[in-house]
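Heads up, the chain shows up twice below as structure tokens, two forms, tagged structure 1 and structure 2.
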Structure 1
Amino acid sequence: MLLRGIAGLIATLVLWTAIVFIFQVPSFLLPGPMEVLNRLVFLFENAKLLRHIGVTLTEIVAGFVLGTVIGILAGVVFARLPRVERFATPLILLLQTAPKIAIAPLLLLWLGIGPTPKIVLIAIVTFFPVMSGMVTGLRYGEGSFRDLAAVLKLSPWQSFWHIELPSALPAVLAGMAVATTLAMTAAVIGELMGANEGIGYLLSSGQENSDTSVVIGMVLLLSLIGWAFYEIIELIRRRSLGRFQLS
């Protein structure tokens, strides 16, 4: 799967080069792959690129895990208690729709400068898709399993662990896949609101400098990280569902 994904990636690169070459796209609009690669190598040699990647990766992983765990738990609560869900919905939508840039100073005020506000931001955007997936998975899941749990008088934890989580897993994983893409965006925003390291920071310096190669290069790095996340989720999906996916 990974191999084939890489094949697709190479195809994209070829297409990209072709577009740049055929249409003679100037590099301030869309630099070619080689140009971007050169800039990446340059950054690697001069700008401690790896350290920046490490910083961002740490933030993403921490935020993603936090958001996923809270999302799953909230999903369970919301699916069981629709009133709580309705009650929380406006707040959640507030957090999701309010432009992060607008609330950034507040986040800094409450959480201080450093990785925390970034992690929280990533957790916030991760939370929503995971929670939605969980709620749907539980709400529209097989009714007969609910009967079984009721007859066996399973504790909330037992029915969550043995019945609800497995049956909601496809929807939750779909939510997590969506969350990966949002997490990448949040990582950038988080670093835009005040940072001096990380991929998002390098990206904003590229923007400030109208250096499209750096922008595209950083976008590409983030995409690759996102893709890696996505593949991990796919792996979990295939591992866990392959057994009972009936097709």
Structure 2
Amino acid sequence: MLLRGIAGLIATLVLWTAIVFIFQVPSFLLPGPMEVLNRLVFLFENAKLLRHIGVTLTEIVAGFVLGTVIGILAGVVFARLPRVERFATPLILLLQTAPKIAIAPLLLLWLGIGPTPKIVLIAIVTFFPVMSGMVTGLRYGEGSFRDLAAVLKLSPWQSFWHIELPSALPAVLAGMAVATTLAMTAAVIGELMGANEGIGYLLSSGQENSDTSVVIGMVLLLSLIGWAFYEIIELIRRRSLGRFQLS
């Protein structure tokens, strides 16, 4: 999977270079890969690019962890108490279907221009797929595990910790894999709406200055970060499948 992704990335760079060379595309419309790379090196040396990357990474990790923890806890509650789920579902759906670009300004007004509104926005988009995975895993997990818990006469806590939670883990990790892509989008939206540092801030600055190289460079950085997060979650998910499935 990773090797295929790297091969696809290399093929994209080759095609990109060929298009720029063959059609003589002006650099202000579509700079070549080397021009974008040189611009990134310039930002690294003169604009503290690593610091901006660190700010965005911190927001993504904090928001992702917060949304995952809340999603798992909510999934447990909803799976155990369907009435609570029915009561909370309209609010959750309203929050999830609302355009995130509309939510971001409200969070900025309520929480200020620091990292907090970005973390909250990322947690919001992470919450739903993780919660859905947890509910699905607990409700429709392997029935043989539940039979085993009954035979062993496990307590509700023992059954949950040793049987139900491991059985639900693959579904939760699948939800987390989906959430990684949403988290990247939320981070950029939050920084575009209002920030003085971060990758989204540099992207916005590049747009304001009509610097196509900076804009493309920031998009590539965000894509690579999102790809890395996704691959990490996918690796954990694949390794967990064999461990918790019955043969």
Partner chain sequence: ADKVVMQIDGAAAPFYAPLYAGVENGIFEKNGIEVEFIYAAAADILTNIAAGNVDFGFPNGDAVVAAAANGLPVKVVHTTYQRGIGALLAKADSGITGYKDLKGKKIAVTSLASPNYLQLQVGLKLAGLSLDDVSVEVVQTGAIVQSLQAGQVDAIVFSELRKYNLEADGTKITMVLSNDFLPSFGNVVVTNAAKLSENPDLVKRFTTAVTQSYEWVIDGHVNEALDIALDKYAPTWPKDQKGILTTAFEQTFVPTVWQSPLTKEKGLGAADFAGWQKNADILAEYKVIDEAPKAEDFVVDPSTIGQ
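Take the two forms, find the largest set of C-alpha atoms that superpose within 1.5 Å, and that set is the rigid core. Worth saying up front: this structure is predicted, and the values here are computed from it rather than measured. One-based numbering along structure 1's sequence throughout.
Here, the chain labelled structure 1 is taken from the form predicted together with its partner chain. Core-superposed comparison between structure 1 and structure 2: the Cα of L37 travels 2 Å or more. After superposition on the rigid core, displacement of the C-alpha of F160 between structure 1 and structure 2 amounts to 2 Å or more. With both forms fitted on their core, the C-alpha atom of S205 sits 2.5 Å from where it sits in the other form; this compares the forms between structure 1 and structure 2. Relative to the superposed rigid core, F21 shifts its CA by 5.2 Å between structure 1 and structure 2.
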